[in-house]
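Read the single chain below, which is given as C-alpha cells and is the form predicted on its own.
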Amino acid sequence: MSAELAGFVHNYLPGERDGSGITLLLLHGTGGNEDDLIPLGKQLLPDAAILSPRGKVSEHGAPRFFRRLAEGVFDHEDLLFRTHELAAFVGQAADEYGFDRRKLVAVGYSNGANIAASLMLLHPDLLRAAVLFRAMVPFEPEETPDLTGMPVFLAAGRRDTMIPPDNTERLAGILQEAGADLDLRWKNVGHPLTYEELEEARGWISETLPKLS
C-alpha cells in the first residue's frame, strides 16, 4: 500500500530479518509509478528492503523525477532541485523506516536511472552502489565528486534510439573519473530492458553487494 512522506507517494517494503540489510531505492522511468519496479527489485535481490517513490513531475500525466525541455534535453535547474529533494526524502525515509543508510543501492530505469546518476554526482555519500538501466548524462559536474570504489552496473543498448552511444560513454567516463568501480554492459538492443540484462544485473548484485561493508 502506497504512503506519502515529504510529498513523495511511495512504497516501503521491509527486508528479510536475516537478509542482506540492503535497501533498494527503485526509481521508475517516465510514465511509471511506485509499483512498477517492485517485481524487478524482488528479482534482483529477494531479501532486500525496498523504497520505491513516484516521481513528482507530471509530463502530460506521465510521472517523472524531473522536467525535460525536449527528448534528451533536461531542465537543468529543475533537475538539481528535484535531485536535492529526492535526497532529502531518502533521509527522512531512513528515519521513518529505520533502514541502514550505509546500505542503500539505487536501481533506476531511464528517467529513474538519470536521477540516480544525478544523486551520485550531487550527493556522493548517499548511495553505496547503483544499477543503472538506460542512463544518460544528467549534467556535466563542475567538480568531480568522490565516488571511489562505488560499484556501478550500467546497462546500455546499442540500438537505443533515445540515448546516443557517445552519451552513455560520456556518463561512463564521468563515473570512472570520479573513481566508481564501473561495469558497463553493452547489448545490441533498444531502450526496453531484456531478460538477459536483468539476469546479468542479478548476477552482478549477487557477486558485488555481499562485499559491501
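Position 1 is the first residue in the sequence shown; the rest follow in order. This is a predicted model, so every value here is computed, not measured.
Here the subject shifts to the form predicted together with a small molecule, a form of this protein not shown in this document.
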Answer yes if any heavy atom of N114 is within 4.5 Å of a heavy atom of the small molecule in the predicted bound form; otherwise answer no.
yes
Taking heavy atoms only, is I163 within 4.5 angstroms of the small molecule in the predicted bound form?
yes
Residue-level contact is defined here as any heavy atom of the residue lying within 4.5 Å of the small molecule in the predicted bound form; does F99 satisfy this criterion?
no
Decide whether R54 counts as a contact residue for the small molecule in the predicted bound form under a heavy atom distance cut-off of 4.5 Å.
no
Please name which of the stretches 61 to 69, 43 to 51, 140 to 148, 182 to 190 has residues with heavy atoms lying within 4.5 Å of the small molecule in the predicted bound form.
61 to 69
